[in-house]
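Here we start with a single chain on its own, the form predicted on its own, put down as structure tokens.
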């Protein structure tokens, strides 16, 4: 069953000092899906986000929300939560006080302490934001973006400055919200993260849309994965979840064609037999698609 288009962006164009920044940018965002906007620095990703957030006015273009054209693009704000640029807070308020103040100003019905728990800041909620690390401020920004329980969420580099474990937790949180009906438009320079997280992708380069597609189609059924170990593997891999003949096994490495779930399954198997790999390298096909089109 095809997903409904919740947001249709048509012919966004923007020039500054005779330089074209956006050139007839058009793409659709499917309801209940995560769409990744990818491209090199200066391609137009953040500018597109800013136009949709009402922070920058395009010279041309229109936006339809659930099939109805908006009179002004910034009318989209009533449906949307945002994290764009580095989030700004009152440094001498605590994280809890910052969100409580924002909730009162916006008449948000969200439970602030629940949001702080969801982004992993419960223990730091009573610390002043001046004592927060960059990653903690980023998480507080994500909590702020979710405060109004929006239908649509715009995230520009939301994982910047986050430790890997925190990033994985937030990716899981975003996925949970999406499973409950949220729609997300996201950018990240870490394409491997987007391979795991996004459903669809839109590639922009020099202000123009170069390619659109489904992430799983770009990835395909499998990717070349290399597992490297710091000790010699046993001669027999008992109870291995995969056909040994499909694996290229050497003394200290294994190569195979696997999807993400199979990769995780094989890592768990090695851990269970006491041979945790110290390096897993997976071919990034979304990055390959990106490079071939830019």
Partner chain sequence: MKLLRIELVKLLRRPRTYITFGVMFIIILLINLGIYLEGETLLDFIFKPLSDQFVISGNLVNGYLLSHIILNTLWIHIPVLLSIVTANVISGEIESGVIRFYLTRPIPRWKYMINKLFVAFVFADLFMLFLGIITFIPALFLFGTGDLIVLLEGVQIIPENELIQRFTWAFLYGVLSMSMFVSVTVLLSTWLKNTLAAILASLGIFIVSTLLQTFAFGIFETWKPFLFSHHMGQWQLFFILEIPWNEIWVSATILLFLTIVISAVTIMKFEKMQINT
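Predicted, not measured: the structure shown is a model, and the values here were computed from it. In this text, rigid core is short for the largest set of C-alphas that superpose within 1.5 Å between two forms. Numbering follows the first chain given and starts at 1.
Note that the form predicted together with its partner chain isn't included here; everything after this is about it.
Highlighted residues 78, 87 and 107: every one comes within 4.5 Å of its partner chain in the predicted bound form, counting any heavy atom. With its partner chain left out of view, the stretch that reaches within 4.5 Å of it through heavy atoms in the predicted bound form is, among 209 to 217, 168 to 176, 182 to 190, 79 to 87, 79 to 87. Interface membership of residue 60, defined by any non-hydrogen atom within 4.5 Å of its partner chain in the predicted bound form, is ruled out. Looking at residue 147, you'd find a heavy atom of it within 4.5 angstroms of its partner chain in the predicted bound form.
At a distance threshold of 4.5 angstroms between non-hydrogen atoms, residue 224 is out of contact with its partner chain in the predicted bound form.
Residue contact check for residue 160: none of its heavy atoms lie within 4.5 Å of its partner chain in the predicted bound form.
Between the options 72, 127, 196, 117, the residue in contact with its partner chain in the predicted bound form by a heavy atom within 4.5 angstroms is 72.
The contact with its partner chain in the predicted bound form, taken as any heavy atom within 4.5 Å, belongs to 53 out of 29, 43, 53, 247. Once you line up the core between this form and the one not shown, the Cα of residue 128 ends up 2 Å or more from where it was.
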